[in-house]
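The chain below stands alone and is given as structure tokens, in the form predicted alone.
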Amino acid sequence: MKVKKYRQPTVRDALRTIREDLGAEALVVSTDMVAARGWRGWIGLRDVQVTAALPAAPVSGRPAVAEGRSADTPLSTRGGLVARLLASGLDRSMAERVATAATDAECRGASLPELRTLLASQLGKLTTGDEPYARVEVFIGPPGVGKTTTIAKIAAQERARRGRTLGLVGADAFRAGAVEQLRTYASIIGAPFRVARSIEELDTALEKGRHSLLVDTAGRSPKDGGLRDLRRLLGTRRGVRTHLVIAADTSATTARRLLDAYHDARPDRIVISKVDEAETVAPLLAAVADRGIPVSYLTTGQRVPEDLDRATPAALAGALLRDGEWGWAAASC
């Protein structure tokens, strides 16, 4: 078997080079993102490195790079589709599940919208969709991930789209201006607002709240005693849902550390924030999927209430395939 590596700016270029060099029988073995050479690498650009192999004998007489797969054909014959998805940052198992679900026609010429649909069909268990609000929705996470603005967006969207009022509770007494920022949002939205500077005050706020409540917590270390006290308080109440907010550009390794660190807080949901600032959300999503915690919301900027989406399969697929740089729509299988 002849094995070679090809490095090009896009998957489409790499596949074309492979076909020209090795022919239609070539198999895509793996796809990686690597730093670009020269000045392009200095400014942070990346290339696609595709490893291809030419078998000693033809594979069932069917080209692997140029054609799609019938039901009885090896998965490697869909290497081009897998390569495109891997180039977006998807892990191999997810990319191969999408390729398996694709028809031959979709494999040969799937447009970006069609790829989103195919990917969305595999993401149902990773998203919550438009679920009803719990009595108390608590948002936790490290500093700077956008908990306060996420809460404001949720409350503002609910008021604008459904005319429903959600109460806001500012329990972040440690970050300068956090409470006042949420108070300002509450005033603009017309939402009830309470400040809870201690566990006792939070207990009172939860007891007296007449609406479903969104609780903004301090962005402190999960080892801090305040988070343990919060968990103890919430553990005595029914109808509490906890969202761990993580920035989209968080690496898989860091995400796993965060999930371990916040394990005692027992997050029920994940909010992926700042999607617009990340090259890909795939590494973070892979880490979250390993833990079996579904994603509830995606945020993409600072605008209230526009930059927020419920995490439906379609929305999450769109976030995963947001960058068309690698030629998904144009490259063939």
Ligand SMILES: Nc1nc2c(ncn2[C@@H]2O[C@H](COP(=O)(O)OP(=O)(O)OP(=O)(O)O)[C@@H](O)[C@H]2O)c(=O)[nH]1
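The structure presented is a predicted model; accordingly, all values stated were derived computationally and were not measured. One-based numbering along the sequence shown.
What follows is about the form predicted together with the ligand, which we do not show.
Engineer: Pick from S212, Q181, Q122, Q157: which has a non-hydrogen atom within 4.5 Å of the ligand in the predicted complex?
Structural biologist: Selected residue: Q181.
Engineer: Which residue, D264, E306, E277, D32, has a heavy atom that falls within 4.5 Å of the ligand in the predicted complex?
Structural biologist: Checking each option against the ligand in the predicted complex, the one that comes within 4.5 Å is E277.
Engineer: Pick from 236-244, 126-134, 95-103, 148-156: which stretch has non-hydrogen atoms within 4.5 Å of the ligand in the predicted complex?
Structural biologist: Answer to the contact question: 148-156.
Engineer: Is T300 close enough to the ligand in the predicted complex to count, meaning some heavy atom within 4.5 Å?
Structural biologist: T300: yes, in contact with the ligand in the predicted complex.
Engineer: Would G219 count as touching the ligand in the predicted complex under a 4.5 Å heavy atom rule?
Structural biologist: Close contact exists here: in the predicted complex, G219 approaches the ligand to within 4.5 Å, heavy atoms only.
Engineer: Indicate whether the ligand has at least one heavy atom within 4.5 Å of a heavy atom of P113 in the predicted complex.
Structural biologist: Answer no; every heavy atom of P113 is more than 4.5 Å from the ligand in the predicted complex.
Engineer: Does the 4.5 Å heavy atom contact test between P192 and the ligand in the predicted complex come out positive?
Structural biologist: Contact check for P192: no, nothing within 4.5 Å of the ligand in the predicted complex.
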